[in-house]
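Coming up is one lone chain in structure tokens, specifically the form predicted alone.
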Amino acid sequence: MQSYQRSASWWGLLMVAALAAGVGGVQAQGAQYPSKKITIVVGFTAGGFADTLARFVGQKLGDKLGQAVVVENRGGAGGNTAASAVTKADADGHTLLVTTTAISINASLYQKLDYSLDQLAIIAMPGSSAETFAVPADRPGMLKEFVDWAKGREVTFATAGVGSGSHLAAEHFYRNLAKIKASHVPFRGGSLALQAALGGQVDAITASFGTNAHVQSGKLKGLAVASAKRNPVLPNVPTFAEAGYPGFEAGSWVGFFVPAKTDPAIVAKLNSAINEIVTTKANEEHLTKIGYTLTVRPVADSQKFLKDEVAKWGQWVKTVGISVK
């Protein structure tokens, strides 16, 4: 009996030592991270909603962590091209994915994907922006006027790709609320959709970010913003509720991800660094001024928010009735 107790005690000590070594190893790896260049893979083209925040945070992240940070744009398939690529990267924290609400939509929008959200770990969701509906300068500039003008014809609207938050919001509005025929013209990124709107190649654009400066300058007319309150960047653009469509609210967020097997210590370190970047006063003022609403969440809260987003947008996909093979 005594021999068994000594043996059990001995194995217990070994287990404690092993666990301590494991925890210490993770902590050490987190402390040593990063050990080389960090690559941020953006799921959309340069100059858009996701890319602008990725490049701003990436530069500050490089300064904070003491390593070079490069941004690589891999637009296509509503952000799926980039997401799939990052799931196949080494899970060492040196390859990050930056994408948008689209990733939570794609889980139900696409009939088949070559990756799943389980293969990615959320780091942070630091920025969001309400959807803005805008039109070229020669189209009717009030929402009611635009809807009246659109009836009896088939209008076109641009967004940054099939399945984006902007796409679903626009489809829901045109089909279910305004009840007008509107054809979606998808682009590989927000900047391309914006160029089409500025050139009058489409009748309208729905975007969560890129239209702000051009509405301010008068090159585009803002019809309405899909938020509870007016966007302080566009104080003269009414909310949908003010324009006669109460309850219509929609927006997109920007999220940072890594491959799922990345050490939690590295994920936590990145979460802390990104949250510090967006809450530094000068950075916060800059990002708010150009149209981002900033949010600071710990990793666990980001995980819950993402889960809720997948469920919410899944219902929107079902309501709108669209899918992609």
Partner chain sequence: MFDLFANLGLGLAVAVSLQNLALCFVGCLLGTLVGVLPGIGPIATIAILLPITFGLEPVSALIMLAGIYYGAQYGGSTTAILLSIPGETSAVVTTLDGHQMARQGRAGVALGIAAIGSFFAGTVSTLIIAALGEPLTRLALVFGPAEYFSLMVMGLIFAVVLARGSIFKAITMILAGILLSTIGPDLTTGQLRMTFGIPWMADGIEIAILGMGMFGIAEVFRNLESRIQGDVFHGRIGRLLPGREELAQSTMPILRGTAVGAALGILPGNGAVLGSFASYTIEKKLAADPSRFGRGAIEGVAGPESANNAGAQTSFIPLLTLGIPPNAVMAIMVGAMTLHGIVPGPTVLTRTPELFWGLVASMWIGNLMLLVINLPLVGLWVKFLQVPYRLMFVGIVIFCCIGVYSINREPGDIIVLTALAVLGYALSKFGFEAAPLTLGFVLGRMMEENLRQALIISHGRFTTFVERPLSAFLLTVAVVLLVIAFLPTIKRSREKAFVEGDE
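Residue numbers count along the first chain shown, from 1. Rigid core: the largest C-alpha set superposing within 1.5 Å between the two forms. The structure presented is a predicted model; accordingly, all values stated were derived computationally and were not measured.
Omitted from view is the form predicted together with its partner chain, to which the following refers.
Heavy atoms within 4.5 Å of its partner chain in the model of the complex are found in exactly one of 276-284, 263-271, 40-48, 293-301, that being 40-48. Proximity to its partner chain in the model of the complex, taken as a non-hydrogen atom within 4.5 angstroms, holds for one residue of Met142, Leu192, Ala137, Ala107, which is Leu192. For the options Glu72, Glu242, Asp148, Glu249, the one in contact with its partner chain in the model of the complex, meaning a heavy atom within 4.5 Å, is Glu72. Its partner chain in the model of the complex comes within 4.5 Å of a heavy atom belonging to Thr156. At the 4.5 Å threshold, heavy atoms of Lys221 stay clear of its partner chain in the model of the complex, well away from it. Contact between His184 and its partner chain in the model of the complex is found at the 4.5 Å heavy atom cutoff.
Interface membership of His214, defined by any non-hydrogen atom within 4.5 Å of its partner chain in the model of the complex, is confirmed.
Of the residues in 161-178, only Val162 comes within 4.5 Å of its partner chain in the model of the complex through at least one heavy atom. Comparing the forms between the shown form and the other one on their rigid core, the Cα displacement of Ser164 reaches 2 Å or more.
With the core held fixed, Leu194 shows a CA shift of 2 Å or greater between the shown form and the other one.
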